[in-house]
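One chain comes next, on its own, written out as structure tokens in the form predicted alone.
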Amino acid sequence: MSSTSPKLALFEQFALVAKALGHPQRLELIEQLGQGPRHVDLLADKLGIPIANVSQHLQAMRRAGLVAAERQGKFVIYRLAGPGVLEAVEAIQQVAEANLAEVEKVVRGYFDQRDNLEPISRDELSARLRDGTVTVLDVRPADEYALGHVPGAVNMPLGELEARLSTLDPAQEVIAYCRGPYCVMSFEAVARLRRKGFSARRLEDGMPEWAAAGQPVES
């Protein structure tokens, strides 16, 4: 009579988690849930895919322990199971960027074209917020900003940026952030601000990582 070894049993469960992460739309859902709890309809609208597809992805991730859910009235609200989910995704991103030529091509071709300067770290931004020497822009949509944002950050979605430039102090450096390290909105915001003569940089990652690091959050 054969039996599965404890190590193999564990590896099977680890593989279940890895498999649940193995779809680009699931990684996109994790990025969205990193902004805060969401119901299926809103997630489907954010990603532009059918509700049924979103539900299937969420159920697979729930079975793998990546997301949790609770019912609130007629809605089922999903959230990330914990900060370890973001850490797992970050590890995947780092391995891919270090070892996959196609990832390097996209990073160098798109992201570095728009911002090839060193991003500001969370600790440096925290210190400069205390000193009052920066203007922080949250360029995410207003509903995501409302779920939680860097203290004192001004919500200025990318589509509103150029129309509201006159409200910014040109003497202060502007720091932009959005959903995460590859969120294109912060790269675009920094590029547009520099073209208009502002000193601008982006935060090294995004709001989920800021919160997960224990930095203060307003909501």
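One rule holds for the numbers: they count along the sequence shown, beginning at 1. Because the structure is predicted, anything quoted here is derived from the model rather than measured. Between two forms, the rigid core is defined as the largest C-alpha subset superposing within 1.5 Å.
The next section is about a form of this same protein that is not shown, the form predicted together with a further copy of the same chain.
Although the partner is absent here, G65 lies within 4.5 Å of a further copy of the same chain in the predicted bound form, judged by heavy atoms. Residue contact with a further copy of the same chain in the predicted bound form: L125 places no heavy atom within 4.5 Å of it. Heavy atoms of S199 never reach within 4.5 Å of a further copy of the same chain in the predicted bound form, leaving it off the interface. Taking non-hydrogen atoms only, G214 never approaches a further copy of the same chain to within 4.5 angstroms in the predicted bound form. In summary, the region of this chain contacting a further copy of the same chain in the predicted bound form, judged by heavy atoms within 4.5 Å and restricted to 69-77, 145-153, 131-139, 99-107, corresponds to 99-107. In sequence order, A81, G84, V85, E87, A88, A91, I92, Q93, V95, A96, N99, L100 are the residues of 77-101 having a heavy atom within 4.5 Å of a further copy of the same chain in the predicted bound form; the partner itself is omitted from this view. After superposition on the rigid core, displacement of the C-alpha of E87 between this form and the one not shown stays below 2 Å. A movement of the C-alpha atom of V103 reaching 2 angstroms or beyond is seen between this form and the one not shown when the two forms are aligned on their rigid core. In this overlay on the rigid core, Q13 has a C-alpha that sits 2 Å or more away from its partner position between this form and the one not shown.
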